[in-house]
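Let's start with one chain on its own, the form predicted on its own, as structure tokens.
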Amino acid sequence: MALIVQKFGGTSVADTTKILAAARKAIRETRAGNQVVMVVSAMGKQTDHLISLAKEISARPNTREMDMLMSTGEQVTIALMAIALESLGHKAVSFTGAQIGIRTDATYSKARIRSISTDRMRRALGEGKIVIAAGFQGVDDDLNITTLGRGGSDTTAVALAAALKADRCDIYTDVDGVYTTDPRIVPDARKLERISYDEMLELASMGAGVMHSRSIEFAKKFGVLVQVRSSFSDNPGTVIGPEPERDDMPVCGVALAKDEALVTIHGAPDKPGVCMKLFQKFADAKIPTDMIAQNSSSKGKTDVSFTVQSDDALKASDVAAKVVTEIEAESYEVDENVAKISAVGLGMEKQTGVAQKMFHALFERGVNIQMIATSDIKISALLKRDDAVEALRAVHAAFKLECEPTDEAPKTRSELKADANGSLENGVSANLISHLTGMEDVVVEGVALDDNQARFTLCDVPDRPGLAAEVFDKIAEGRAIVDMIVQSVGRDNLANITFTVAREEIDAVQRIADGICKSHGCRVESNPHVAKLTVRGSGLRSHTGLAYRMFKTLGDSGVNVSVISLSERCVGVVVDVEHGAVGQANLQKEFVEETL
């Protein structure tokens, strides 16, 4: 007998007719001989209605009371779902997050799950009942009701599947799977038959709204096989598991995040420990940061830019004002008129020229890039919000993502389930998971050192469309392979582009860089002896304290950071080569050895 977790979002339970339809899907699974746990969201726009009621009373309502208020939406749905199931002749029981035993930390509105008790659910399942669980909520150690933040019902569903060791977690929504991009913006977008955990994790965190990144963290960490499918049909959906759809394709999807804000700290002292203090404040405020870029140092000062979600812009502005005083920086600014385009794919690790193709696509549509940040399977570009839709279409077309894959048969669900279980049981994560104190604790699998790198920075390059495409075209002509790329926000319509290459290519790249700077009236700075430190795991971007811990560890070791790259599965920094081994040893001790 298989155990299936089914999650139904707000649009799937928006009225009683849809609630009855969802109930019939659950009953069909039980008639196939399976046990079923349903996780449901609040009906339709109920959550928005509750928020608007609170805002009519207070512009900044108390967060504890907001969680108390918000949790009522799911309580209505679970009761109606239980009534619907019983009206159709099946035994059912509804549970709130507290009744299930979902324990969280005490961070209201963004709580993280620490543990889940399965005893009550298993008893009900053993009695032949369908269990209906309220998504989005739990309780802290003092029994205060907490909510899990955006995508909380997805997180609840996959977390329950992990705790119950379910055979599959079906996420029912208003689309019939995961697409190469948002089909409402790009009609040619194609539904994927399957997608890997890492690819989905990056796409979800970069703006793909079909799943929330925290739920994919759970899936990857505990080997949960997830299927995204339509509430309104019985068509197969997209399977999220250990394997990509094709491992020879450089990009599997493109995501757009419109709700972004850019924070820049101007004139920060360029010395060890400054980044630690900066990101400590944002971590303390529970503000996730992304696309971190640090300008080349000038007269002992540097600019540090990073993005936050628009919802956090006001809070980020308050934090930045305090940070400027504490670290003795010059000033700060927050720009809310930005959006982020991200191309994601495991195939990037094996193919060159991916970034170059993306930059060309944007240039040909006249889109100017304000910032660039890359990781091993992701390229992100920050641009004006008005250019976002055109940019998304351009990048999707450039990689021909509308085309169906060929020459490879899709894996069956049983094969994918075996792969998921195997990766968990045989990989490093299984050892680390057994030592977790909380289910959502960050998992760091290792720290890598590449001490054969050289860093180049093109300083004060005219900030205009086509800049990045031109630079990396010339580098590609010289057959140099670029590793990390960061384009930071400049002043006075000037930008800095920093990238790393293997040390043996330094002479060829130096000639190329000198030529670029001669034609554009800029200057080049280089360091032929740098190292890249990479912390690998999952959910690294969404855990707000991780960047702080990393910078603190390096700062306490006297290691200064010159380049930063951040994604959900790795954080990379560039340091002077003589500090590489010390940095690796201390990061290993901080993130890996302490877990074991």
Ligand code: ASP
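Throughout, we count residues from 1 along the sequence that is shown. Note that the structure is a prediction, hence the values are computed from the model and not measured.
What comes next is about the form predicted in complex with the ligand, which is not displayed.
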*Pick from 445 to 453, 363 to 371, 117 to 125, 150 to 158: which stretch has a heavy atom within 4.5 Å of the ligand in the model of the complex?*
150 to 158
*What is the one choice in L540, A26, A42, L533 with a heavy atom within 4.5 Å of the ligand in the model of the complex?*
A42
*Could you spot which one of F218, F306, F136, F359 gets a heavy atom to within 4.5 Å of the ligand in the model of the complex?*
F136
*in the model of the complex, E199 touching the ligand (heavy atom, 4.5 Å)*: no
_With a cut-off of 4.5 Å between heavy atoms, is N560 one of the residues that contacts the ligand in the model of the complex?_
no
*Taking heavy atoms and a 4.5 Å cut-off, does T47 contact the ligand in the model of the complex?*
yes
_Contacts with the ligand in the model of the complex, stretch 199 to 214 (heavy atom within 4.5 Å)_ = none
